[in-house]
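To begin, one chain is listed below as structure tokens, in the form predicted on its own.
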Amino acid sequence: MQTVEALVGPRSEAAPMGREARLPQGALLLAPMVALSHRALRELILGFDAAGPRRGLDLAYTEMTSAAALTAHSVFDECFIDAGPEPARVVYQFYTTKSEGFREALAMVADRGVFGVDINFGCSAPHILRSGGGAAWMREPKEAANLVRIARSAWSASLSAKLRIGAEDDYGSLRDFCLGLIEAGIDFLTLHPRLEGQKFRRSGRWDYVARLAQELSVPLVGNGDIRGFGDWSRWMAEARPAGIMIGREAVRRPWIFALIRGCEADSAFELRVDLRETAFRFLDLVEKRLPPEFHESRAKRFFSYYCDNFSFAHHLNVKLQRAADPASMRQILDEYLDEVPGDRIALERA
């Protein structure tokens, strides 16, 4: 296991964080994704570290976890706050609708050895907004800053927040919201540069990332529309964020972090991926690391993205979505690859 100091490297005078952990320079981060950013996916991704010249993934966020459910001792608490196998690379992301009780939630994970805690100010799912959580906090900047202030008083490790542009296309309001969080004690921010109601069909506004990265006194991570080394290198050069967070593409291609680091070191870098072995490894991890109640749903959620690697993606995904359990999924994958053996190996490059 990497220590915190090994993870974050030498301290930079440009980075304002002065607590137990710092954001690695040029960090690669796994996004918090409901039903996807669990330990099984994290272990699958970390397994590709050895495939590249240096470690790929720097920090992995957990899926959005309810602070209220944690303090109420929800039945699946331990699954959501499982920080293995390397807690020093894990960030807990919390969702809350009120500041009351948040301090207690942080106290419950204080001894887990994680890199940090992140507050969700960006989720735009209708039921989350209606409840007053996620991006709804951005409509109440004073209350959001107060939540950060409470968290800062209770949490000594890294404290971050993930947000969107907001309900309206207003850069000034977004900047002011961020400044309020910084004054309250936030260590770094991640911006998914879409409006509150925008879906993924429209490209993210990376010009917002570029402007904020220059104006804010804390590191800013950019998130959205990263599908490979080309996107990563473009936005690192043009927007100059402190790091880049990847979401759905890391489910589709769990080796993407290793690929980016490999191509960064050598433009001729190639990565040979056994798609069957990777899928079977994931199913093994689901059965080993997650509660039985989650085996079917989490596996199907994964394959809704992962199947894009195959020539007949829709056909294969439909069969997998109808499967009763992971054992049936393994059989379906083997039957498919018997018919399309050329799909077993993917050769990835820049």
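Residue indices: 1-based, along the sequence shown. Everything numeric in this text was worked out from a predicted model, so none of it was measured.
Omitted here: the form predicted in complex with a small molecule. The next part is about that form.
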Legend entry - Residue among 323, 34, 51, 68 with a heavy atom within 4.5 Å of the small molecule in the predicted complex: 34
Legend entry - Heavy atom within 4.5 Å of the small molecule in the predicted complex - the one residue of 248, 152, 139, 103 that qualifies: 248
Legend entry - Triple contact flag 63, 120 and 305 to the small molecule in the predicted complex, non-hydrogen atom at 4.5 angstroms: yes
Legend entry - is_contact(residue 96, the small molecule) in the predicted complex, heavy atom dist at most 4.5 Å: no
Legend entry - Any non-hydrogen atom of residue 289 within 4.5 angstroms of the small molecule in the predicted complex: no
Legend entry - Close approach of residue 225 to the small molecule in the predicted complex, 4.5 Å, heavy atom: yes
Inset, instruction - May I ask you to state whether residue 162 is within 4.5 Å of the small molecule in the predicted complex, using heavy atom distances? - result: yes
Inset, instruction - Could you tell me which of 70-78, 263-271, 217-225, 104-112 sits within 4.5 Å of the small molecule in the predicted complex, going by non-hydrogen atoms? - result: 217-225
